[in-house]
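One chain is shown next in structure tokens, namely the form predicted on its own.
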């Protein structure tokens, strides 16, 4: 099965057309699609889809094992535990889901093994607004100075669902013990592309292990600003039927909430379970251990 592709921005994203993912894809076609996704630095837009929840689940499983709703306690779901409703839509006086992600973040970076891919399907989209921004973290790392890269490759940061920088803006829906803080490398090596990317976000990264608070704050503030500068960003304006697949291992994203109270937005989200993040130094030590 052939498909057409076109870049979405100079550094990030590819739009796929002439491909209906409700139909079974051959291994050859899916391998080409996955390669296009990885080559486009982690954003894949599949246009003009008409997905039921089971069809979205079936396609998502091609990317890996699914993450179920019981690990997304902040959200309502449809009848399928793999599907999360992200929405401001109100039916019979009750919201179907919740607005989420209105800050720069990488999905579930507060987990020991965060999700690798997120798939978001546009059921109802605003005529204006409600965009999602994606920032290329390969490019964020590549454009740092050699000395900064060397320093960061040896550091780890703490990622916390209840990070004070953003938690104060979110409704408390869980006991804080549900998501204890986790430690991840600040530079993450992608397990499929072997490329290095920054792995910190303003949303969930609270501090740097082993550094005084003032030093860590200064470094993180620099990295937060550097990693989300306009040159690194693709901004997706949603069309109904868009299925967007993004790679949390090399991207941050931000859901722009400029539509609530004006327009309706309703999405179905599925997530693919990922691996424990590993830094460049850890990869080197693991390779040496295998060779020995």
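Keep in mind it's a predicted model, so treat the numbers as computed, not measured. Residue numbers count along the first chain shown, from 1.
There is also a form predicted together with N-oxalylglycine; it is not shown, and the following applies to it.
Check: Are 17, 34 and 244 jointly within 4.5 Å of N-oxalylglycine in the predicted complex, each by at least one heavy atom?
Finding: Zero of three within 4.5 Å in the predicted complex.
Item checked: Sole residue of 100, 88, 206, 166 within 4.5 Å of N-oxalylglycine in the predicted complex, by heavy atom -> After the contact test, the surviving option is 100.
Check: Which residue, 120, 140, 117, 187, has a heavy atom that falls within 4.5 Å of N-oxalylglycine in the predicted complex?
Finding: The residue in contact is 120.
Note to self: Taking N-oxalylglycine as it sits in the predicted complex, is residue 233 near enough to touch it, meaning that at least one heavy atom pair lies within 4.5 angstroms?
What the structure shows: No - in the predicted complex, heavy atoms of residue 233 and N-oxalylglycine never come within 4.5 Å of each other.
Item checked: Proximity of residue 107 to N-oxalylglycine in the predicted complex, heavy atoms at 4.5 Å -> Looking in the predicted complex, residue contacts with N-oxalylglycine include residue 107, since a heavy atom lies within 4.5 Å.
Notebook entry, point to check: Any of the heavy atoms of residue 132 lying within 4.5 Å of N-oxalylglycine in the predicted complex?
Noted result: Yes.
Checklist line | Heavy atom of residue 265 within 4.5 Å of N-oxalylglycine in the predicted complex | finding: Yes, residue 265 is a contact residue.
Next item on the list: Considering N-oxalylglycine in the predicted complex, find the one stretch among 221 to 229, 48 to 56, 24 to 32, 252 to 260 with heavy atoms no farther than 4.5 Å from it.
Entry: Selected stretch: 252 to 260.
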